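We begin with a single chain expressed as structure tokens, specifically the form predicted alone.
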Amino acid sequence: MQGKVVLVTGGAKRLGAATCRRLHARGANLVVHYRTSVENARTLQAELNQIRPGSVALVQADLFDTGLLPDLIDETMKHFGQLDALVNNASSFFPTPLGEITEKTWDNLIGSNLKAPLFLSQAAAPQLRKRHGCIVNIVDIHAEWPLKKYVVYNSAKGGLASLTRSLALDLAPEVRVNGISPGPILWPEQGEWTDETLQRRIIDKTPLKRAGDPDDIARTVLFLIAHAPYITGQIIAVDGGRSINL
């Protein structure tokens, strides 16, 4: 990863921040995208730039505005002059029970989980082709095994899984495209998922009998970028076996 440049969307906190730390520790320079988490982004930038000055740049953007997405690539090129990998990590997650779905909730969930990764990947493709780079999409095990009352989210992540395979075909042979489907890694910070009884029930049905760590995702991102030159069009479940015991 020495000298590689990686753009990570939603990189300021949670899985995104863990991914940034892991890639940076292996020598990558980073462009960390954020939307509203400015304090988290600045703290992460200061932390990593203290280790290696000038190695982390920040870029703010609302990914719902597809017209702004090429600017993220332009900013990356301005800072580092190249782009070797794109990690589409930014995501929205909330329930949409049937009968309560609105166009606004559709636009939000499809926009963050499917539309933005598509248009950002399209904008990044010319630079990634030059570097024989790669794209890693953060999908979800519920793309394949739907979560009740999350119709739109499930559909968006299912679309992202299909997008991953489609991009792998269209961008080959220069660019590899893969996905990662997390299971119980980090609990959502609001709603029913804060209920410890529900969390325990999910863990009990997970073969490894524990929640994962954000670094489990980060290490898999690193693997797909740096150590998997003959892997493309694949989606790896990092879920403690949860997807085989739903």
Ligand SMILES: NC(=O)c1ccc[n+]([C@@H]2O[C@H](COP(=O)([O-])OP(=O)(O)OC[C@H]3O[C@@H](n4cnc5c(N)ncnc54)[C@H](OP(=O)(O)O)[C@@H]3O)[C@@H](O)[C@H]2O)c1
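In this text, residue numbers run from 1 along the sequence as written. Bear in mind that the values here come from a model prediction, so they are computed numbers and not experimental data.
This next part talks about the form predicted together with this ligand, which is not shown.
Contact annotation: of the candidates Leu198, Leu186, Leu68, Ile51, the single residue with a non-hydrogen atom within 4.5 angstroms of this ligand in the predicted complex is Leu186. The stretch in contact with this ligand in the predicted complex, judged by heavy atoms within 4.5 Å, is 149-157, chosen from 167-175, 125-133, 149-157, 73-81. By the criterion of a heavy atom within 4.5 Å, Arg14 is counted among the residues contacting this ligand in the predicted complex. Interface membership of Leu58, defined by any non-hydrogen atom within 4.5 Å of this ligand in the predicted complex, is ruled out.
By the criterion of a heavy atom within 4.5 Å, Ile138 is counted among the residues contacting this ligand in the predicted complex. The closest heavy atom approach of Phe64 to this ligand in the predicted complex falls within 4.5 Å.
Within 4.5 angstroms of this ligand in the predicted complex, the stretch 31-50 places a non-hydrogen atom from each of His33, Tyr34, Arg35, Thr36, Ser37, taken in sequence order.
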